[in-house]
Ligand code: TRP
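A lone chain, given as structure tokens: the form predicted alone.
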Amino acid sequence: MKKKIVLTGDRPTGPLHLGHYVGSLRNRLVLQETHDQFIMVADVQALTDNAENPEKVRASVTQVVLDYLAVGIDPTKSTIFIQSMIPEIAELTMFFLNLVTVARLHRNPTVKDEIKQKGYEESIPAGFFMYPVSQAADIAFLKTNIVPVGHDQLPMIEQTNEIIRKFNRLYGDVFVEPEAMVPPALTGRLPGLDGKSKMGKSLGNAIFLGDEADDVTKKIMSMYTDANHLRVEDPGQIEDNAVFMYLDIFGRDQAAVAEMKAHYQRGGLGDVKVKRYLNDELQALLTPIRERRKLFAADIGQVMSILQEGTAKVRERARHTMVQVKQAMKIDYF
């Protein structure tokens, strides 16, 4: 039986952090064993709100790929490619733009939320506004069956399927309607070290996969716990306590974590001891990732070869798709 095609990816605006590991990277390690997985480095999408800082995007491409390889993404099992090196995606985006209205893009809740977050109001870059159409092209050109996403991205898959249905209705069945996959690890967001928002590169509240051990320790020891837990003997709250939220995810011995929670709630357990326990757990996770990352970083030429090979493989698929598209649209003149 032919493996189903899965498309995942990240916008290269900096190295990846623990939030990415929880939200997508762990799932990719599983999917590469069971599916035909393609991982896109979405540099074109990154440029929609970084057009004035292309150096940042360029430098981040290798950083993101280093993180992929460090966590165990295997280029013999997963195909990693660069979005901008597949011009057929941009061509297909142009065709898809004719199948969606400005009013429909305005109604996309994911876009509305991101516009609000970035404070664009009426000064929205056109590329940013229409990136759901570009994303539809990203998904469609590979004839993707499954797209792993978080709940906040479900409207993007819905709009992708609307565009694909309209194309197939007008021109014939060329594309496959993808299914959104929301794995368990994507049902929640890892909070930032401050406990107030999700972990983010620009928020100063992230532990990066390549952070040195001392930096990880410093960040953990500064984490938000319970502001009212002033003395060791005082009962503490575990709700909205970032340290315990991390232990729920990264603690290897959940029975020990449960006992620690009970001890903290009844009093007699200090924040420092809990943070040290979390530090041990995260160091056990991050040390091998950090070491593998350094090995790959010592040979960037190898990393670029992996990207070049993956991109060439995808480019061939893209050419084949666009031949079918142009035949269906009656614009295959020669």
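Note that the structure is a prediction, hence the values are computed from the model and not measured. Each residue number is its position in the shown sequence, starting from 1.
Below, we turn to the form predicted in complex with the named molecule, even though it does not appear here.
- Out of the listed residues 153, 237, 217, 168, 153 is the one that sits within 4.5 Å of the named molecule in the model of the complex by at least one heavy atom.
- Contact annotation: of the candidates 45, 27, 60, 279, the single residue with a non-hydrogen atom within 4.5 angstroms of the named molecule in the model of the complex is 45.
- The named molecule in the model of the complex comes within 4.5 Å of no heavy atom belonging to residue 80.
- At a distance threshold of 4.5 angstroms between non-hydrogen atoms, residue 5 is out of contact with the named molecule in the model of the complex.
- For the chain shown alone, residue 164 is not a contact residue for the named molecule in the model of the complex, no non-hydrogen atom being within 4.5 angstroms.
- Contact check for residue 247: no non-hydrogen atom falls within 4.5 Å of the named molecule in the model of the complex.
- Taken together, the three residues 65, 309 and 311 lack any non-hydrogen atom within 4.5 angstroms of the named molecule in the model of the complex.
- Contact with the named molecule in the model of the complex, defined as any heavy atom within 4.5 Å, is confined among 263 to 271, 49 to 57, 36 to 44, 289 to 297 to 36 to 44.
- Residues are counted as partner-facing when one of their heavy atoms sits within 4.5 Å of the named molecule in the model of the complex; in 135 to 167 these are 135, 138, 139, 147, 153, in sequence order.
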